[in-house]
Every structure is written in C-alpha cells, then in structure tokens.
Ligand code: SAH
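For reference, the chain that follows is the form predicted alone, supplied as structure tokens.
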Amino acid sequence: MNTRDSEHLIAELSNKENYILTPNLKEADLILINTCSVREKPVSKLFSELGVFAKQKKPDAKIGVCGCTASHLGKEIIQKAPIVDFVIGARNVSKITQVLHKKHAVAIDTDFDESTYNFGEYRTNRFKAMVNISIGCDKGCTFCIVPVTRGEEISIPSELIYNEIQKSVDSGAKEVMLLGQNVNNYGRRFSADSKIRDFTNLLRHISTIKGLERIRFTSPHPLHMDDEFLKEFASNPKICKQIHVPLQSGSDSVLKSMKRGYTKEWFLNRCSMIRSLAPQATISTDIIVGFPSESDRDFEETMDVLEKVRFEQLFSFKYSPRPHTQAATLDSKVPQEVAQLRLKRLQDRHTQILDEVMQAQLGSTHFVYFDELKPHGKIAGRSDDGKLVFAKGGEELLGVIAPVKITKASRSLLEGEAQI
C-alpha cells in the first residue's frame, strides 16, 4: 500500500508540477520519504535518514515526509527536524501539490476522503498494476495503529476500480494486485454509488476484463473468509493461488485480547478449506510473539497452528507497542528476552518447513509471469502461487507467462529452465 501511495505521489508531481525521477540524491530538487508506523523501528529510522539527506542534498532542495508516521506525528516531525519542508499523511496523498509550496505545511486529516479521487497513471512495473479497492480500517485491533493513521474504512466504487484496471491492461499489464487493509470486507462503507458491494462479486467482475490474466489481493481478514469467498478463490482461474491469512496468535485468549474477532478453531477451519479446495495454493501469515500476557501455553498454541498449516511464508515479529493503541496500556508485559527466544524458535521451525517446501519443488513446473531483468543474463518473475523464480532469458520474455521446469531450489527463490 505504501508503494501504491508512492506511485500516486509521483503521478501527481509528474503531471501537475513537471517533476521527473532521479537516481542521484545530490541533484534532486525534492526528496520524499514515505513512512510506515506499524512497528517502532521504521519510525526511529526516519530521523536518522533525515540527518543523512540533510548532509547530502542540494541547499535549496525540499524534503517532505509522507505516510503513516507523518499521520501520527504530524508537526512533531518538523519540530524535531526543522529541515523538513512539509508533512503529508497517508490519507492526504492527493494534496501533495498543495503542501509542496507551503513552508512547514502539515496535512494529516484522517477524515479526508480520497476514495473517488482520480489519480494520474504511474506504475513502478509496467507489467503489473497495484489498485486500491479501499482505504482505511475499522477493525480496531488493539496492537495496530493503522486506524489512527489511515482513518475509517471506505470502499472505492467498483466502476472506478474496473476502469483503472482496464487502463493498466491496455498499457501492458497482465496482473493486478488489489489492495486494502481488509480487502474481503469490501463494501463496508462507500462515499459514492457502487454497482458491486462485496468482495467476491468484485473478483468475478474484474475477471471479465479481457487481457487480464492474473489477480492477486492483500490482505484479506480471516473473519470475512466465508465459504463463498474461498470457493471463488479456489475455482476462478484468473485468481492466483496465493493467499495471505494473518494469524497474529494461535491462542484464543490472546486473540480476544487483540480483538481479532475469530478463534484458533475458525482460523484452522478456513486454512483447511483452502488446502482442500485448492491444494496447490500457498498460504502466508503474520504472527506477533510476546503480546502482553502471552504465556508459554499461549505461545505453544501458536506453534501448533504453524505445525498444522505449514505456512509457505511467514512474517513474524516481537510485539512492538504503538502509540494510540489499547495494547500499549496493557499490563503483564512479556520480557524482551522471553519474546526473543519465542521468536527465534518460531522462525527456526518455519525455516525448516520452508526448506522442505522449496526442496519439494525440484522437478516441478511452474507458470511464471516474467517482469524483471536480472544480472548475468537472467530474468525473474512470480509463479501462480507466488514463488520467486529465476531463469535464463532476456527482454524477449518480459511480459510473458511461460512454463518453467525447476532445477534448483533455495529458501528464498527457485531457478529453472523456461519451456518456450
């Protein structure tokens, strides 16, 4: 979502202010830092990065801080780092050309509605498109700062989504990534009329676009994974068989404290249905260890889910208290050394599972959409189930979906021979 926000910023500046991108920091007239605030570390990194840019930039170059950290810190960023010329929050991307010309401007209104704003066209990868289908979040998970930084959830009218994807396909994209904090809660709220008001039917509608061959989406919420949605995911040939199912914890008591809205049983049931309906699908997840009051037994419940589902990809972190969240006020903090040991055990076990999963790919054939040239005469792309695959090849394979027989496997990627 931050990448898509950056694309929107670039499009606005290119179309309305005549800016062009430069790889050279020292010749830049404008430096934008697009931030995340889900965890504490990126927030700390912001100010160290500002110090680096201050020393290397041209004397008259402007610096803007954008994104979620901008939303929750606002003018505090300028107070700590006066070199910053303006601050623009994650819900105010369309205002970039306004704040650009106002010294120390701060635009962080999380009630601002950009759901029907017509951004210009810019993509970092011409073979793929990222398209927002909703903005904001209403879930209120006790550990998460996103509702504070991105505001209430609003869905984008289906006609605008369809038209944006159609334009991307017309300019060469064969794959789209649908974006939202909870994509399968699409239809929660609209600020304009929409013909389609739920995610499953939106997927069906998008699938009718000629020339669009692959549909991905992130992130769905386990709570809204009803049978109809999972059946559509499994049966629709245009939907890539890769799905993110964020667990956070395997303990019912911790899930309740997190206000996730589902139980371990429900989560396992949904994953079991995915495995049954689409055995070729890969399932990824998010896990937080060391959440306040997490006991050894709670952590074992998380490990049990890992063993039962055997996620193909895992994003795991120690709990990081965030401002403006309920969890930050909870007692029963888990000692950092305990959380670190749990994280290591979780990651070590997942590494073993991942090694087994990737080694099992040897000799198999994946259909890969090639979209990026690599050094040494190689080209890279993603398989239908989301695995990164390298093969020998050049520009003739860019934008091509080709079968690749896997000859080498590592933990992070596969290599093979394109069968063309």
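Keep in mind that what you see is a predicted model, and the values were worked out from it rather than measured. Don't overthink the numbering: it's just position in the shown sequence, from 1.
Just so it is clear, the following notes concern the form predicted together with the named molecule, a form of the same protein that is not shown.
Visitor: Contact between Y319 and the named molecule in the predicted complex at 4.5 Å, heavy atoms?
Guide: Flag for Y319 set to yes.
Visitor: Please determine whether I63 contacts the named molecule in the predicted complex, using a 4.5 Å cut-off between heavy atoms.
Guide: It does not: once the named molecule is placed as it appears in the predicted complex, I63 has no heavy atom within 4.5 Å of it.
Visitor: Answer for I161 alone: is it within 4.5 Å of the named molecule in the predicted complex, judged on heavy atom distances?
Guide: Residue-level check for I161: no, no contact with the named molecule.
Visitor: Is it the case that K374, even though its partner is missing from this view, gets within 4.5 Å of the named molecule in the predicted complex, heavy atoms only?
Guide: K374: no contact with the named molecule in the predicted complex.
Visitor: Please determine, with the chain shown alone, which of 349-357, 364-372, 34-42, 54-62 has non-hydrogen atoms within 4.5 Å of the named molecule in the predicted complex.
Guide: Heavy atoms within 4.5 Å of the named molecule in the predicted complex occur in 34-42.
Visitor: Check for me: heavy atom within 4.5 Å of the named molecule in the predicted complex, for each of V176, Q242 and T282, yes or no.
Guide: Checking in the predicted complex: none of V176, Q242 and T282 is within 4.5 Å of the named molecule.
Visitor: Just one of S219, N132, T110, S194 has a heavy atom within 4.5 Å of the named molecule in the predicted complex. Which one?
Guide: In short, S219.
Visitor: Within 4.5 Å, heavy atoms only, which of D198, D286, E301, E213 is in contact with the named molecule in the predicted complex?
Guide: Only one option qualifies, and that one is D286.
Visitor: Go through 124-157 residue by residue and record those having a heavy atom within 4.5 Å of the named molecule in the predicted complex; state none if no residue qualifies.
Guide: Those in contact are F143, C144.
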